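Read the single chain below, which is given as structure tokens and is the form predicted on its own.
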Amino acid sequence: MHLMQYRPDLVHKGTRVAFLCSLLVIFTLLLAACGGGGEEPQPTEAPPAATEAPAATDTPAATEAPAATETPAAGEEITETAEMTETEAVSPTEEVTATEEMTSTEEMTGTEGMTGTEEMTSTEEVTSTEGVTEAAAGAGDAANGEYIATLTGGCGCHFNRDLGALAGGNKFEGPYGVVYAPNITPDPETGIGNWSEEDVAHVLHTGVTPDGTQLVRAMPYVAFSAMSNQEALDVAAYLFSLEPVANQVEARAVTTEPEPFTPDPAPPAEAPTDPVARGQELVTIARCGGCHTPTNEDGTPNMDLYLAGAPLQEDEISANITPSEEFGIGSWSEEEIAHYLQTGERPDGSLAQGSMAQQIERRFHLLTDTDAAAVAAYLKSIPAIEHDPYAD
């Protein structure tokens, strides 16, 4: 009974102990909770791991697609396209690399996403003169060369009827001896195939071939020296556009070596645009004086009667084409002269006959309106010569 005696003081003391123990447990738990949230170094390490994960992972399809797909899209010609930033893609060095590696097919793809270098068209690339040689920049125009060559007579002295080409072989005799028209087709063995355009232009202006031979003046280089440099290159381009024809021509047998010739004035770089100057050039290279100017006893032209008319073969007489009112074409307007050159129709409605009709049919009808008007302007500008060629 003594042991079971109720003691209030002990009860109160045990209650307090239990209460304190509970508080201690709660405090310990709170302290543990606060201590676990206060370890800051570990949360700060987590973001780098998350950032590094995409770089370490090679599986995402979106990342691999650009590198794996071989399409002509812009930017893939550059070696490190997949890793290249937008700034790197347009650096000057990398643009050059992309251009050098680009194929002709890739150059023709769309321009989406391309740099300025890649957007360059073929025309712009050809227009650029960087790296172009002087010879390439001065190349002639074959179409204009054919036009000029036709107006000068079509190089008819060189036409070989048997071969149907400008293969030469025609014989010419004179005070100079005997010469044969050379082969001027681009055959490398017997023609001019190994010449350059500049070589041909030089012969047209001076009569000197690439090996230094001075041609006799049966080749009308004195008249052709009035041709502009560019037109001479154009004629060369035309000759090189012809079919090569092999024909070995006989060597000439001259009595004396021809005198060298230097053009005076020097040929202009380009054809003149002034109508009178252009007309003078055309009349000179077309050798109108060969028919319409009388010759001296030594065969040289009589410049006192320049274009005043002269006897031709047999009973044919060439007309006075100076602006003489009585004997020439002084009463014709420039428009009427140009019309006659292109059609053969005179102001009175009659038509050209004989040699002039042939010349109009073969070459002068091809004159452009501008050039026909230029010839007319020149013929009206020269001195009128009162000479009746039919009275001689």
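The first residue of the shown sequence is 1; numbering continues from there. For clarity, every value in this text was computed on a predicted model and none was experimentally measured.
What follows is about the form predicted in complex with a small molecule, which we do not show.
Contact check for A319, M356 and L379: all three have a heavy atom within 4.5 Å of the small molecule in the predicted complex. Of the candidate stretches 237-245, 182-190, 153-161, 279-287, only 279-287 has residues with heavy atoms within 4.5 Å of the small molecule in the predicted complex.
Heavy atoms of L366 never reach within 4.5 Å of the small molecule in the predicted complex, leaving it off the interface. With a 4.5 Å cutoff on heavy atoms, H339 does not count as touching the small molecule in the predicted complex; it lies far away. Of the heavy atoms in H205, none are within 4.5 Å of the small molecule in the predicted complex. The closest heavy atom approach of C291 to the small molecule in the predicted complex falls within 4.5 Å. This chain lacks the partner; the member of A218, L312, V178, A139 within 4.5 angstroms of the small molecule in the predicted complex by a non-hydrogen atom is L312.
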